[in-house]
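Shown next as structure tokens: one chain only, the form predicted alone.
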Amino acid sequence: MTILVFDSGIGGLSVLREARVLMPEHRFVYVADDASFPIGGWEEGALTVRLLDVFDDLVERYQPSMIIVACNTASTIILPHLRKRYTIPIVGTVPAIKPAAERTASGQVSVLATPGTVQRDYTRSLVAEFARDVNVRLVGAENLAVLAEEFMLTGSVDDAAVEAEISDCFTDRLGARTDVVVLACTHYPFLANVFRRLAPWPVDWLNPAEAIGRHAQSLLEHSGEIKDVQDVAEFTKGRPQPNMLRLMSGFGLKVV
């Protein structure tokens, strides 16, 4: 069976990595919609139309048994539309606010996301439903997804630029310090070690990738077969640069 993993860029590789460990018998197709990256600044109506067009094409060509939308911003917009459109399981990526509210000891939680995710009513409804007794700070990082992609490709990043993006996550209210930061963009886990190094105090950086993989696994039957085809990746902007090709090869993906 084929599992389609979609992101606006290459951050969704953090979800793909976990899903492949849990479901190695399935074929994975990773799609980076780099033609729309970064998507945080898109108007919602225009983004919905674009994403539906992209998914219609992908579903027709690959006939997947499941779609994983490995992008928080896209998920907050497109999941209801996809579930109405297709009969296959659709797994989204939404801010892990409920587990963060359950984990916090100080009652101070931050959600580090793209501006698009922060602005969505869906995100605020999660806070209202699952974190009523917790102080949740929504932090929209303008440039962090781009910095994460640069880090993935080059192995280096400007510490000052990253620190400026994450500094608003940390609050100290009469000694009650932020103790959980939700990584609400699939790009961000690749910078987790940088975050830990730059943080003013230790916090739990909550990465939902493994939970997404487990949820996806629960929706598909284990075939017991060993796949005999290579996992592939495609980019909506066309064939990427050599450094991107090397990164994809490192993840065991052939770019088509």
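Note that the coordinates shown come from a computational prediction; the quantities given were computed from them, not determined experimentally. The first residue of the sequence shown is number 1, and the count goes up from there.
Absent from the display: the form predicted together with a small molecule. The rest refers to it.
Looking at 213-221, 66-74, 52-60, 227-235, the stretch with residues near the small molecule in the model of the complex, meaning non-hydrogen atoms within 4.5 angstroms, turns out to be 66-74. Interface membership of Pro38, defined by any non-hydrogen atom within 4.5 Å of the small molecule in the model of the complex, is confirmed. Under a 4.5 angstroms non-hydrogen atom cutoff, the small molecule in the model of the complex has Thr114 among its neighbouring residues. Within this chain, Ala145 lines the site of the small molecule in the model of the complex, having a heavy atom no more than 4.5 Å away.
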